[in-house]
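Shown here is one chain on its own, the form predicted alone, set out as structure tokens.
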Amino acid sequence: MKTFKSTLKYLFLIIASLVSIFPFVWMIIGATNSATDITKGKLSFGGELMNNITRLFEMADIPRAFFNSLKIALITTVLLLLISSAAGYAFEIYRSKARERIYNLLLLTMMIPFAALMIPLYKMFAMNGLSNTHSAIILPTIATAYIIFFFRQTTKAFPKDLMQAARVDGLNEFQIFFYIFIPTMKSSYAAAGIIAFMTSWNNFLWPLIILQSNEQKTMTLVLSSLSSAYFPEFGSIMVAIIIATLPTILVFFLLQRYFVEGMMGSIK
């Protein structure tokens, strides 16, 4: 009976894995086929890969779009981790009468849909001459309620004895944060970094609204424009999707071990 249950469990996991990985396999296969073959549902490799790559770079400025997305994602991730972790750390370590009220108001902002903020945000950035700039994409995302909440919860596991020892040794509060807290909580930073990078890299709606020129567009906007063509070149689109997917896959696999540790609240 135990063997039968184990067999069913592994069979279910195998089926779930195949279902999950099939879109990626189909994407790679599609990159080697023509648009006609993809439309017909061909599931074998073809010989159109180089033609698809050539057409893609003729239709869109992929290197510029890739660089734009990478620049925005990296800057956003670094600033988000620094500011949100400092806020979460402060909410947990420093106590005051107004602390919980401010924190609860901050959490309430998570209930506001982005659709309700689009017009005020656009007007604010347009009035300050920041429309059609990458700064307009980065600035609204350098601190989020979720990441602040995440860091406050992980800070609960931070050993307070380290802080007391650091203060005895003469470190000020900023030195404690940068030299003690950040290295100790690297697993939490890795987990939050993956979330921040993937969210920024896949951001579509706000860049679509705020960016107008082709020189400023990101990979998600380029993919959208390729897909909305009258006669989409599906083979080239598959190549573009592979290029757009590589950074997030690379970041996740490089930080995978720390991601699991961070999400479980462990400290290394």
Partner chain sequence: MKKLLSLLLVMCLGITLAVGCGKSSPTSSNEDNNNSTSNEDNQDNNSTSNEDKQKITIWAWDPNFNIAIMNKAKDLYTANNSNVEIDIVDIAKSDLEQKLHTNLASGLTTDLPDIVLIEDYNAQKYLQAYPGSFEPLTNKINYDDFANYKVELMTVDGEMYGVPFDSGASGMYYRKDYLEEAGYTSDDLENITWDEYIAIAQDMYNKTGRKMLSTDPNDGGLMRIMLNTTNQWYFDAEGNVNVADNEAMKEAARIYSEICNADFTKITTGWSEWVGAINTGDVATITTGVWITGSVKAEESQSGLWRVAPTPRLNVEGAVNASNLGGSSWYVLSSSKSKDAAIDFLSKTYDQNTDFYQEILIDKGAVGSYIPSQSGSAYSAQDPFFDNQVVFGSFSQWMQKIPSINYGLYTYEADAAIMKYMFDVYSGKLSIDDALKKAEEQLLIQIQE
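This structure is a prediction, so every number in the text was calculated from the model and none was measured. Residue numbers count along the first chain shown, from 1.
Quick note: we don't show the form predicted in complex with the partner chain, though the next part is all about it.
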Interface residue in the predicted complex among K71, R167, K160, R99, criterion: non-hydrogen atom within 4.5 angstroms of the partner chain: K71
Listed residue that, although the partner chain is not shown, lies within 4.5 Å of it in the predicted complex (heavy atoms), from I75, A90, L106, L139: I75
Whether S44, G46 and K156 all lie within 4.5 angstroms of the partner chain in the predicted complex by heavy atom: no
One stretch from 139-147, 176-184, 192-200, 91-99 that, in the predicted complex, holds residues within 4.5 Å of the partner chain by heavy atom: 176-184
Interface membership of M118, the partner chain in the predicted complex, 4.5 Å heavy atom rule: yes
4.5 Å heavy atom contact, T39 and the partner chain in the predicted complex: yes
4.5 Å heavy atom contact, M238 and the partner chain in the predicted complex: no
The partner chain contact in the predicted complex: I112, any heavy atom under 4.5 Å: no
Within 4.5 Å of the partner chain in the predicted complex: residues from 221-235 (heavy atom criterion): S224, S225, L226, S228, A229, Y230, F231, P232, E233, F234
